[in-house]
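Just the one chain here, the form predicted on its own, laid out as structure tokens.
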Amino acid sequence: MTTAVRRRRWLMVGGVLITAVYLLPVYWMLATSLKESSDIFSTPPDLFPSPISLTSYTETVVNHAGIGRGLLNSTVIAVGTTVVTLAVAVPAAYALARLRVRFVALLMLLFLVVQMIPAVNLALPMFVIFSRADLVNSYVGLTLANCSLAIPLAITILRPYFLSVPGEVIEAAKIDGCTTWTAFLRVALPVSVPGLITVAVISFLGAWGEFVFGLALASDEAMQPITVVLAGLTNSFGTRWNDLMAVSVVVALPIIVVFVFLQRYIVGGLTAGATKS
């Protein structure tokens, strides 16, 4: 056995161990959701649920009206955030990349600084502004709040893609009769599809898992996203961990599905965008 083969095997073993460590909380969440309440705190803990119980899913996920409403709210907010972010960030990133705009470096620095501001620091000013605009407890207000963090990140990711499009190609399209807008749609946009997918996924997942804005801007239970509803399952009288884990599994499913099917585009989009200038 050569040294190179031995090294690859050790790297594979290390990768499997690291993966197992990261997947252990996910497995324990799933296993807990399939246990009876009396089996959760058994000593020693049961590694495998026996017998398997779907009670938490039928009673809490299916029959609990707040869970379904929270999932619907999160879906509307996440989809709305994704659409608005793409509609604003794509042309803005193209303008900053291809047009002669003054203080581009300063603008990009501001976008980076905005991403470092915690959402909790933005929640109170947004609540005051949205209260005056009658946007509290509304999909519009929650969507705009999420866009305030998603759009700067989207512009930062997309601008390098548009910079990678050769200026000669854009000029040739204009000579052939394209306007700036049509050259953007027919030339620059198709080249940047991996970046668009990356931005869409990041925007959707960021809005799907957002908690602070949902807690601060949605006092009405009918408008609260699933993250706030999930937090409401814990109270001072105790926590039904199997019910909590069952809802957590359902909440995590969209994230898992997105990464399984779009992992190639997400990783490729981030790495490609990071290396283009």
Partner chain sequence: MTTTLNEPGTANRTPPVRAPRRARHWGDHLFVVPAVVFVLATVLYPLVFNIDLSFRDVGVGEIVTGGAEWVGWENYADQLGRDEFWHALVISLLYTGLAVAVAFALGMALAVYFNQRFPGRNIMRSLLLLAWILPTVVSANVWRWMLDGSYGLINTLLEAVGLLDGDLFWLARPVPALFAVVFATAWSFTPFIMILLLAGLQGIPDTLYEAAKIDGAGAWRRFTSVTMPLLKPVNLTALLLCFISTFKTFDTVFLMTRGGPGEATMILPIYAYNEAFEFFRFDTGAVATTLMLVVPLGLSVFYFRSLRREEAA
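Keep in mind that what you see is a predicted model, and the values were worked out from it rather than measured. Numbering follows the first chain given and starts at 1. Take the two forms, superpose them, and find the largest set of C-alpha atoms that agree within 1.5 Å; that set is the rigid core.
Below: the form predicted in complex with its partner chain, not depicted.
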property	result
Residue among 191, 205, 76, 86 with a heavy atom within 4.5 Å of its partner chain in the model of the complex	205
In the model of the complex, the one of 151, 135, 71, 196 near its partner chain [non-hydrogen atom within 4.5 angstroms]	151
Residue 45 within 4.5 Å of its partner chain in the model of the complex, heavy atoms	yes
Distance check, residue 265 to its partner chain in the model of the complex, heavy atom within 4.5 Å	no
Its partner chain contact at residue 34 in the model of the complex, heavy atom, 4.5 Å	no
Residue contact check: residue 187 to its partner chain in the model of the complex, 4.5 Å heavy atom	no
Heavy atom of each of 58, 62 and 200 within 4.5 Å of its partner chain in the model of the complex	no
In the model of the complex: members of 99-116 within 4.5 Å of its partner chain, any heavy atom	99, 100, 101, 102, 104, 105, 107, 108, 109, 110, 111, 112, 113, 114, 115, 116
Large Cα shift (2 Å or above) at residue 39 between the shown form and the other one, core-fitted	yes
